[in-house]
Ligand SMILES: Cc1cc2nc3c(=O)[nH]c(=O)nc-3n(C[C@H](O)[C@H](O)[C@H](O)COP(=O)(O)OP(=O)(O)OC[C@H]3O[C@@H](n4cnc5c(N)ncnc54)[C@H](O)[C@@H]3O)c2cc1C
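Given next, in structure tokens, is a single chain: the form predicted on its own.
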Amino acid sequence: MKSGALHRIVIAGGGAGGLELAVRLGRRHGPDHVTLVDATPFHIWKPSLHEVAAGTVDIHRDGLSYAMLAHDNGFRFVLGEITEVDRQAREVRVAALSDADGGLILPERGVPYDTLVLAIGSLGNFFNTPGAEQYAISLDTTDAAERFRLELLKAMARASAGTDVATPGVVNVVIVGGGATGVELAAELHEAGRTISAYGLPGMTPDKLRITLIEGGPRILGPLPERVARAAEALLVERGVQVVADCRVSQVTPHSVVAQDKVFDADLCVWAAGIKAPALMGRLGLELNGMQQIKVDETLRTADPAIYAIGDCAAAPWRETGKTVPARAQAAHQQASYLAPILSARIRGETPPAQPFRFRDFGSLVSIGHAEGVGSLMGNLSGRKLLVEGWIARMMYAGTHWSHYAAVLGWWGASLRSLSRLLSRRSQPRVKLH
């Protein structure tokens, strides 16, 4: 650094983009320069939350400790929810931390910054649908996914005993939203239901877990090519999932989902119909779009020159299409890679690189359970789309998961983690049962 002053980078949010950025910068510059703040102690790749909800991924076994990652990669970790950003003082306020009994562990704290990167992700958007926020679960956090998993286990136990469900002996799960999250959850629940039924629930046969997927548009997986959507729907129907398209939900009640002139029994309702940025965005005094995402320029910087934003909470221009960069893990990964040298230059007191961020769409893959997948590769990169299906698509989907963990653990660490998961399945139930 030219002046010898300490330039402090604070990254708010440890999702795919935020964590990868913290790892890249921490390895180069160390904990005096790089701080990551997150409300949870463990990292789970957000596209895996449908597996957490189905119980096929255990956050306590498969989650990565931020404290461990900070130690191994040279950044500082602060546990707690960010409640405010004081732009004038250049400080983020972190909420007090308490135990399960309400005992104070850490008081409210302030974390000063010279450059702040907002990477706090997104939440479910209920679009003011009556009853949705109260009775539906949105899989936007590990806590929400774990809550759904526990509610599913309880509902299946009650159904097995023939008590306290909308339809005796049956568990009805309604998923609102036919995007990637809804489709993947429907497939994962089908597989998990078969496994749970085999573990000591004699009255709960696989056909008694009834899954309905409701999509407001004309077909599921609207952003993907029609052939991909047709293939995904065929696989879901083959697994017994009821797919209802062109059907807009108007109300959610404790035991049903109302959509136009239809009423669907629902012991559990999952909301996967859209996203919005967290409420913190609205308290910054900076320009937002309709989904409460903060607007950034082509260098991912906000109107405040000390604040950048990446991932789902950011509305970044996608020049080639005239739209904003889609809220996908691959976008967050690319934004972290782009921003790392810019922030490194800031730390060194040098002029950052001037080239704008360019999102490269490598396509989308959707997991239809552990043996199948469908997807569209290359996206807008070549003007043509390569369609993949079956186990090849599933293996490529697993590869994107592995590449994220390789970015934060290294090639060897990610490989050992994958081997450990494979071996542990030999001695553990395939679904978390407690």
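Residues carry their position along the shown sequence, with the first being 1. Quick caveat, the model's predicted, so the values are computed rather than measured.
Form predicted in complex with this ligand: not shown, discussed below.
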Could you check which residue among 347, 327, 252, 209 gets a heavy atom within 4.5 Å of this ligand in the predicted complex?
327
Position in contact with this ligand when the complex is considered in the predicted complex, options 232, 120, 192, 175, heavy atoms within 4.5 Å
120
Looking at 254-262, 237-245, 297-305, 75-83, which one sits within 4.5 Å of this ligand in the predicted complex if you count heavy atoms only?
75-83
Spell out, yes or no, whether the shortest heavy atom distance between residue 343 and this ligand in the predicted complex is within 4.5 Å.
no
Does this ligand come within 4.5 Å of any heavy atom of residue 184 in the predicted complex?
yes
Even though this ligand is not shown here, does residue 312 get within 4.5 Å of it in the predicted complex, heavy atoms only?
yes
Flag residue 40 as yes or no: does it have a non-hydrogen atom within 4.5 angstroms of any non-hydrogen atom of this ligand in the predicted complex?
yes
Is any part of 41-66 within 4.5 angstroms of this ligand in the predicted complex by a non-hydrogen atom, and which residues would that be?
46, 47, 49, 50, 66
